[in-house]
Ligand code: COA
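Presented as structure tokens, the chain that follows is alone, the form predicted on its own.
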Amino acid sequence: MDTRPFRSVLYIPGSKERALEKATGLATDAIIFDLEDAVAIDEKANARTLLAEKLCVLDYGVRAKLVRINALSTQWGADDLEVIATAKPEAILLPKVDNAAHIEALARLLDARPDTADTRIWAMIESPLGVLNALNIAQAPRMAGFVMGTNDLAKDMGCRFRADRLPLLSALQLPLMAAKAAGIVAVDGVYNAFKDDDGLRAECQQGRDMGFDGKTLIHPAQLDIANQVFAPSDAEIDLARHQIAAFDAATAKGEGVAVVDGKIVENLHIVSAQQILAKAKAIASVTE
């Protein structure tokens, strides 16, 4: 699994030159350079060419860089891949993934090209069929991450919007469990009301508590909240250090458990504590 943080994953239209340039200085952990929904039909050819050129010359630092092409079943998908491959993309984000065969088809195309030898694949999980096939998709060749497409998913399910997202919870949890089982990244869907900070914070907190690695975002104004919510708090870091120290002391005395703040600490708690410290370290390395 990629050890970089994915607290914030920002969509950037591949057709917007100024946005592509501005993104080099944004405090986002990852960028989805979008050639699909964010690009009008008559701009798709220009967008893929512009994006390939910019990826070759602009420095996005340690940010994870994903290019969302159009589905290979569309008239634009194959051309997207042909042009973007020249920029040796870090990862291709494939939309409308319903089953592992979609990933396998893309993997074969990448295998056939020397310029995409190291390119990984991410999948948009945005349909009921994709949710139900999530484990097979997660285990497909070159897979590195899931992005939840909650807007399309809600549309296909015919469910109503609720602030608590109760109608979507099962559809979110199944791919999340599949991603965890396969050891790949999973990021939550977008929050559409980009001026609603309280709503965004609440949805980020829900996604964090479920176990998502971060959240996809549609506007730079959402970055600070996502970065804050999906990062370990000072209290969590402090508790993790105390748990590890107490457990090490107990182990040195031949004891199998420790007690911190009146609660039992076992080895499984130490694994979680180490993950918190590792995440904090990874975040520090990209924000220095």
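Just count from 1 along the sequence shown to find any residue number. Values in this document were obtained by computation on a predicted structure and should not be read as measured data.
FYI, the form predicted together with ligand COA isn't displayed, but the following is about it.
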query: Candidate stretches 109 to 117, 136 to 144, 187 to 195, 83 to 91 - the one whose heavy atoms come within 4.5 Å of ligand COA in the predicted bound form; finding: 187 to 195
query: Contact test, all of Tyr11, Arg68 and Pro220, partner ligand COA in the predicted bound form, heavy atom 4.5 Å; finding: yes
query: Interface residue in the predicted bound form among Val229, Ala38, Ile244, Ala52, criterion: non-hydrogen atom within 4.5 angstroms of ligand COA; finding: Ala38
query: Listed residue that, although ligand COA is not shown, lies within 4.5 Å of it in the predicted bound form (heavy atoms), from Ala45, Ala250, Leu58, Leu26; finding: Leu26
query: Ala19, heavy atom within 4.5 angstroms of ligand COA in the predicted bound form; finding: yes
